[in-house]
Ligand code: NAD
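Only one chain is shown below, in structure tokens, and it's the form predicted on its own.
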Amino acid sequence: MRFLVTGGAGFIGSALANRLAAEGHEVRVLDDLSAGDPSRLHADVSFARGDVNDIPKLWTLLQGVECVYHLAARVSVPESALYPREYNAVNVGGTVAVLEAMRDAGVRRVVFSSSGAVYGEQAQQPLHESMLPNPSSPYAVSKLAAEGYLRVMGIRWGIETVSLRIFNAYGPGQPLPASHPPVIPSFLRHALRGGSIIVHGDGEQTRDYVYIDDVVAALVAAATAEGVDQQVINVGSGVETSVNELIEAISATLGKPLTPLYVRNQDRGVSRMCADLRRAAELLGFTPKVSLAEGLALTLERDPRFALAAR
């Protein structure tokens, strides 16, 4: 098949693009390189630098494409509170631009990378797709708004739309920005350097950490699965892990004790998150394969930033 992956030089996008290319598909990538790195991409992947709101560029890249993976987005929850207009412009406006360009180019399916963050604080776990979303950040609002545009414009324009609500993805190559870094690579870096592991709150807040290979498997399945039009589908591990349990798992992986530093007056985010994966199993045949312990070990082994330090 012929694919376009927006945001395809990012963490999830590059892993997906490389998997598709390895399977023999023709893969085109569009990325503005605000967070992406084209050196991650396989030589067979065709890379174009550009803005996801640039409809003429999208038209060019969409010629002959059978399915779009729309992953281009700003993705930091704390940062979104500082720059909500930018998050709206990229995450919502960019989604609308992709849909308009697909309509004009005649592309009939898009797989959208949404987020488990749209659920926000909920009274029950695990989180299932029929729950009323309760977003608690501009980032989560932007993802939920993008889902809405996909649903409405997909019906109006005859485009098959699939929204995958991806929970806390991690794995080798995940970026470590100076501000608001993702929790797992941040904890690994500090643990390996002997630094303090800062925990906001009491560490009892939970998340669903899903390894990158499992995320890619769900994305790949969504491109050709039947009966998924207009569906919203969770992608996670289905395992609820507290921050304290994550630190214990990292300690066991490294074989060294870790002492977290608790900052009680900091926002710890929503209290609990765990994905209900029944719909993913039914519609995508998706079952996560990599446990947290295995994923941490693979991240240390495959990520050169950590592999040498861990020896």
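In this text the structure is predicted, and so the values were computed from the model without any measurement. Numbers follow the displayed sequence, beginning with 1.
Absent from the display: the form predicted together with the named molecule. The rest refers to it.
Val52 is the sole member of Val45, Val65, Val52, Leu246 with a non-hydrogen atom lying within 4.5 angstroms of the named molecule in the predicted bound form. Taking a 4.5 Å heavy atom cutoff to the named molecule in the predicted bound form, the contact residue among Met102, Ala72, Val162, Ala146 is Ala72. In the predicted bound form, the named molecule sits beyond 4.5 Å of every heavy atom of Leu296. Within this chain, Val111 is remote from the site of the named molecule in the predicted bound form, having no heavy atom within 4.5 Å.
Proximity of Ile233 to the named molecule in the predicted bound form: non-hydrogen atoms within 4.5 Å are absent; the residue sits far from the partner. Proximity of Pro175 to the named molecule in the predicted bound form: non-hydrogen atoms within 4.5 Å are present.
Contact annotation: the named molecule lies within 4.5 Å of heavy atoms from the stretch 7 to 15 in the predicted bound form, the single such stretch among 7 to 15, 20 to 28, 283 to 291, 299 to 307. Residues of 33 to 59 that come within 4.5 Å of the named molecule in the predicted bound form, judged by any heavy atom, are Leu33, Ser34, Ala35, Gly36, Gly50, Asp51, Val52 in sequence order.
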